[in-house]
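For reference, the chain that follows is the form predicted alone, supplied as structure tokens.
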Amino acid sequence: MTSAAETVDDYLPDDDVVLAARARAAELGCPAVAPSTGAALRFLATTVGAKAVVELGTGAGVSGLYLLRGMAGRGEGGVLTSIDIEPEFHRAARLAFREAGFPAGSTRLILGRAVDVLPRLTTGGYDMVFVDAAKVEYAHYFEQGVQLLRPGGVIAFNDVFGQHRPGDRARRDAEATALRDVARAVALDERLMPALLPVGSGLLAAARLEV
């Protein structure tokens, strides 16, 4: 019997460019967002009219492809700023973006730790922030990421259900605690309108209110 998750992931199947990026992600050992999560990201980017997006965790460029396609869906282009500590991930992502036909100026890839890079970005200057990096640092990403959003902008956290996390027991426990903490913080923050979306391994999204 086909599960609901499989049905959602199959609703909008990946094209050859995304499939190639997924293959490179598997070779590099960096998890890629599920097709349903990617579709949700593309939808959110289009809905908010995103022209300036920050991504924490470039990986092999799979999530970046969805975000860029959502941005391009407005017909106005934009710039995706993507942060990762792994140079080889950036090389794979650049290849994916090039294969998809996006011009070099549509992306800005920054090598470094997100907690160090985020304070250097423009407060209130972004339409969307997507977080898919170290789970134990999600609380830091939350505090810094919300500051980057304009009113009406969206922040989204991937893998909040914490499925299939690698590592030892202590690390898994620390990640589970961090995920619970950020979910609680988002739900209680009066600046935000949150929603927990049951796509992929869980996507926690919240829009910044005009307060």
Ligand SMILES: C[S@@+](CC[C@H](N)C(=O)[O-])C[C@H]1O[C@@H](n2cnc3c(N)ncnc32)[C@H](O)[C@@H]1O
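Every value quoted in this text rests on a predicted model; they were computed, and no experiment measured them. In case it trips you up, residue 1 is the first one in the sequence shown, and so on.
Beyond the structure shown, there is the form predicted together with the ligand, which is absent from this document and is the topic of what follows.
J.: Counting only heavy atoms and a 4.5 Å cutoff, which of 147 to 155, 172 to 180, 45 to 53, 32 to 40 contacts the ligand in the predicted complex?
T.: Of the options, only 32 to 40 has residues within 4.5 Å of the partner.
J.: Just to confirm, with a 4.5 Å cut-off on non-hydrogen atoms, which of Ala139, Ala134, Leu95, Ala72 contacts the ligand in the predicted complex?
T.: For this set of options, the contacting one is Ala134.
J.: Can you pick the one in Gly125, Pro119, Gly112, Gly77 that has a heavy atom within 4.5 Å of the ligand in the predicted complex?
T.: Spelling it out, the residue with a heavy atom inside the cut-off is Gly112.
J.: So, in the predicted complex, is Val62 in contact with the ligand at a 4.5 angstroms heavy atom limit?
T.: Residue-level check for Val62: yes, a contact with the ligand.
J.: Would Phe102 count as a contact of the ligand in the predicted complex, using a 4.5 angstroms cut-off between non-hydrogen atoms?
T.: No - in the predicted complex, heavy atoms of Phe102 and the ligand never come within 4.5 Å of each other.
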